[in-house]
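Shown here is one chain on its own, the form predicted on its own, set out as structure tokens.
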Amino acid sequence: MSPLSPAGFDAVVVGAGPAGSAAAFALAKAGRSVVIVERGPYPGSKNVYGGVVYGRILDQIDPEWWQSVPVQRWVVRRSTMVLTSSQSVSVDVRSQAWGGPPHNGMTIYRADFDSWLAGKAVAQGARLVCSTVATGLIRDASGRVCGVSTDRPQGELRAKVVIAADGVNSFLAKSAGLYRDSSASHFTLGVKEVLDMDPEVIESRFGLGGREGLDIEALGATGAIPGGGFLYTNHDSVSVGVVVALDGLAASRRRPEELVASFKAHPSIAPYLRNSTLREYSAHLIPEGGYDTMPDLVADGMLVAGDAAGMTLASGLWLEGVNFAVGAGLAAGRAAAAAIEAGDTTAQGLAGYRRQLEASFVLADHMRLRRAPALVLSDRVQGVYNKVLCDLAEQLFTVDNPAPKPGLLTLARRSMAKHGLKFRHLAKDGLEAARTFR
């Protein structure tokens, strides 16, 4: 590859996912020359995603983003489901306000969404180079990062700042020595099937209308392996799958597709999926360790954002990633532009990035919920409370005349005793939950 710019760029962004494209957008909007290096043939071609995007952060890119974003469905129903092998208890929240502007959440296909977001950056003046792999960092005599090498001939790209948005387990962040601990215990594996289904069938089966969508999150869907299940409606398909702790999956010696098949066969899920046909199967690592497992975010000449920085909020109640990636990308682009303007792209000169993140939801939420991953993946939350709750609900609504109805406390004691849950466990976990979600 001949040099894209003989004089180099103000910034090189590696990865055209949500974090990278948002960073390039902010830099280009500030009048800086920026190139996005994407390993896939187009943005989103390498990305696996099965969830909901919360679009409020997109207001900072396009105040009327919902007019053009390639949405599948607007989520108006959020169902949290607790399962055993034969039971389920659900809390179903529906709001018609979510179905209209300014909207709350939407299901998307990443190939469409990422291309749309990258297009916003290109429209501001960013340059997008696809089918190009960043193979390493370039440093100057002082050790400051000053560009990246790529897999193309004469493919060095030099810049005043490099933004690593190269995804989970970031090669560039590791090369820069920013990861202190990349243990498998900090990651989960998301495994997803996309099943074709007629839009009218989706709307009838899930109680939806028009472009309305449903998001189901399920605890107890993965047996003895810590994790959960999900089901999301798209326009003409549903995404269904599981997310499991990587070390737990390895210890179980089970295949991930077995876990998906088991979840699909559950009596509370199977009726939703009847007569559907498989379109695709995919899997993806997810950084779910939370705030305490994030790498350093700033180095001399370099910033890290999105999945590369472990910015996935997996707290049980909230399961979000794309909005954190966009927020971090915008902050990275703005901080880089300010550092370039000031002529100081050392770690100190780029320190405004972290200050912006701490003042926004990106790090504020991660810091406040830093205890959540350990709590959500704990043995009792994963394998005891689901059984106690399901048994309690079943007993509560079982009419056993002519015997008199037992009291709620009596039923709770029975369910707890059946599954070995003590009141001291309940008190301990309740206190931890209060500290976590305060």
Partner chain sequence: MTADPAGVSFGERMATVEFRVAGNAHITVDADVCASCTTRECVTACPANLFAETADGGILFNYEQCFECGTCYMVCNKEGAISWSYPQGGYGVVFRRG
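Numbering follows the first chain given and starts at 1. Values in this document were obtained by computation on a predicted structure and should not be read as measured data.
Just so you know, the form predicted in complex with its partner chain exists too; it's not on screen, but the next bit is about it.
Participant: Heavy atoms, 4.5 Å, its partner chain in the predicted complex: which of 244 to 252, 116 to 124, 200 to 208, 349 to 357 makes the cut? Say which one.
Facilitator: So the stretch in question is 244 to 252.
Participant: Is it the case that E257, even though its partner is missing from this view, gets within 4.5 Å of its partner chain in the predicted complex, heavy atoms only?
Facilitator: Looking in the predicted complex, residue contacts with its partner chain include E257, since a heavy atom lies within 4.5 Å.
Participant: So in the predicted complex, is its partner chain close enough to R334 to count as touching (4.5 Å, heavy atoms)?
Facilitator: Heavy-atom contact with its partner chain at 4.5 Å: absent for R334.
Participant: Could you confirm whether W74 comes within 4.5 Å of its partner chain in the predicted complex, counting heavy atoms only?
Facilitator: W74: no, not in contact with its partner chain in the predicted complex.
Participant: If you check in the predicted complex, is V384 within 4.5 Å of its partner chain, heavy atoms only?
Facilitator: Outside the cut-off, so no.
Participant: Taking its partner chain in the predicted complex as the reference, which of P63, P41, G407, G31 has a non-hydrogen atom within 4.5 Å?
Facilitator: None of the other options qualify; the answer is P41.
Participant: Just to be sure I understand the contacts: of R144, R158, H284, H235, which is the one whose heavy atoms reach within 4.5 angstroms of its partner chain in the predicted complex?
Facilitator: Checking each option against its partner chain in the predicted complex, the one that comes within 4.5 Å is H284.
Participant: In the predicted complex, do K174, F187 and E280 all reach within 4.5 Å of its partner chain through at least one heavy atom apiece?
Facilitator: Yes: each residue has a heavy atom within 4.5 Å of the partner.
Participant: Only counting heavy atoms and a 4.5 Å limit, does any residue of 120 to 148 reach its partner chain in the predicted complex, and if so which ones?
Facilitator: Stretch hits, in order: S131, T132, V133.
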